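There is one chain below, alone, in structure tokens, taken in the form predicted on its own.
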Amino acid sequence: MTLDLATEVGYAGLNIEAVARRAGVGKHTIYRRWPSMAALLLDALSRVWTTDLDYRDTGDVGADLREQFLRSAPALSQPPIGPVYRAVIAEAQSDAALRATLHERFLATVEQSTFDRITRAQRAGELVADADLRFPAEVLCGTLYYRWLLSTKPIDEEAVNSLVDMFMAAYGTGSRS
């Protein structure tokens, strides 16, 4: 309901009073549970941030990265997630507590999921054994977030292929399990 309202009126037109009105409750009911609009939106986003965005593991890490990134891009760009998530990220730039919560609940989760997938590939011999993959996981995710948030360039198949090819050239062994 909150994301639907946000989609209808945009983040700038969204306020606790409108959410309360839509829910048929007083605004104090909303404020008791969520101290700010951004906190309410984070909760709403977490309800639609589903396991559909989890990595698949086919035994081919390059293919899995490509598939995940291409599947995630539209979810990040389109309602209900896209516009609201952008607005929360923008709000987080001037709110340290919100930024920490956003990182913990969303960004760290995405990075950890990517790290887990490439670490499994490393153990399977698809990636070099002696590399610390924490930073490469962050770079893989960060590149896509940069394009999505700050660039007019698309997250399309060409961009994803280039990113994954660069990662595999740096860390791949050329063998698959």
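In case it trips you up, residue 1 is the first one in the sequence shown, and so on. Computed from a predicted model, the values in this text were never measured in an experiment.
Omitted here: the form predicted in complex with another copy of the chain. The next part is about that form.
Although the partner is absent here, Y31 lies well away from another copy of the chain in the predicted bound form, with no heavy atom inside 4.5 Å. Mapping the unseen interface onto this chain, A159 counts among the residues with a heavy atom inside 4.5 Å of another copy of the chain in the predicted bound form. Among heavy atoms of T58, none comes within 4.5 Å of another copy of the chain in the predicted bound form.
Although the partner is absent here, V139 lies within 4.5 Å of another copy of the chain in the predicted bound form, judged by heavy atoms. Remark: all three candidate residues (R99, F135 and L150) come within 4.5 Å of another copy of the chain in the predicted bound form, counting heavy atoms only. Proximity to another copy of the chain in the predicted bound form, taken as heavy atoms within 4.5 Å, picks out 140-148 from the listed stretches 140-148, 65-73, 34-42, 116-124. Contacts between stretch 84-112 and another copy of the chain, counted in the predicted bound form as any heavy atom lying within 4.5 Å, involve R86, I89, A90, Q93, R99, A100, L102, H103, L107, E111, listed in sequence order.
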